[in-house]
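Listed next as structure tokens is one chain, alone, in the form predicted alone.
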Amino acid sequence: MIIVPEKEIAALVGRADSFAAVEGVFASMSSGSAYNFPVIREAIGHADALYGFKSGFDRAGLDLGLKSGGYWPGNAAKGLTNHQSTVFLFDADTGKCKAVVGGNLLTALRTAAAAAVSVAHLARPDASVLGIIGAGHQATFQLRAVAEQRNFTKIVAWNRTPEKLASLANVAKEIGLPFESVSLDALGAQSDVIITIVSSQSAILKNADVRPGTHIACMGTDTKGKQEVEAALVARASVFTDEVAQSISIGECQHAINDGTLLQSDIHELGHVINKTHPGRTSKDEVTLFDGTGVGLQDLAVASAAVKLAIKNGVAQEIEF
């Protein structure tokens, strides 16, 4: 069995690796070669923690396994990341555990990659202003990954606590793009692509704030009741997602589905656009929205890439098990 420790991931897996892994697994899901198993997520009644499992199988890549972990809100005070996870990969032919991979950084990379894949396939080719809503841990990963997908000339951002935008401003400077902290309405008025990456139970981005032709990727924490954008905006947009079942139950589409302004049949898997069985964006004025709910197959794909790279670079730890 191979072990790839968390400390090795940053030097092994880059944004291009993550993009390729996530794009590939979305395509595999939509072609019927891969499927996710039911998600388990529970409050454990200790340390205010949420703990669960995401799992699945990709017959094309033979990626079989699960990600185990969750959210421990007190970890920051202990010098640890609040989100903790580990990926277990199994041999599809024998069922033996073949790898254990640190999953904390991989989770951030695959989440950012999903947004980047949506921008690559759905945003207008001439998109020039990128808007970011939120400034938590995941926001800088989103900025780095998405900024590579179009020739952006400016970054605008909003956060409830504006001073926390400093981390995004630093990344923008690093990649050579002007940065501006703006109001929500100003962000909507300027942005060609908007990434929402907040944990919210009430809409932050309003339908009236978004101009025609915008692509939106909703990437914040998914759970029952979550809402980053107004239901009217979801109903207005051409909607794409990683997995429809999660989108309508714990994702951004749940509210528009519940009020009847969006039908399940209106939601399309992004993988169909990747596979060219759906046209994706059809006009420059169309508003497109990607509801990134996060699926176990994404974790397995990037973990599998990490294992291959660890073996190639001689940092894989192999033990008898």
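Each residue number is its position in the shown sequence, starting from 1. Every value quoted in this text rests on a predicted model; they were computed, and no experiment measured them.
As for the form predicted in complex with a small molecule, it is not shown, yet the points below apply to it.
(message) To test your reading of this chain, name the stretch in 172-180, 117-125, 137-145, 229-237 whose heavy atoms come within 4.5 Å of the small molecule in the predicted bound form.
(response) This holds for exactly one stretch, 137-145.
(request) Could you tell me which one of Ile216, Ile197, Leu130, Leu205 places a heavy atom within 4.5 Å of the small molecule in the predicted bound form? (result) Contact check passes for Ile197.
(message) Residue-level question: is Arg211 within 4.5 Å of the small molecule in the predicted bound form, judged on heavy atoms?
(response) Taking the distances in the predicted bound form, the answer for Arg211 is no, it never comes within 4.5 Å of the small molecule.
(request) Please check if Gly294 has a heavy atom lying within 4.5 Å of any heavy atom of the small molecule in the predicted bound form. (result) Yes.
(request) Tell me, yes or no, whether Trp158 is in contact with the small molecule in the predicted bound form, where a contact means a heavy atom of each within 4.5 Å. (result) Yes.
(message) Can you tell me whether Gly220 touches the small molecule? I mean in the predicted bound form, with a 4.5 angstroms heavy atom cut-off.
(response) Although the small molecule is absent here, Gly220 would touch it in the predicted bound form, with heavy atoms inside 4.5 Å.
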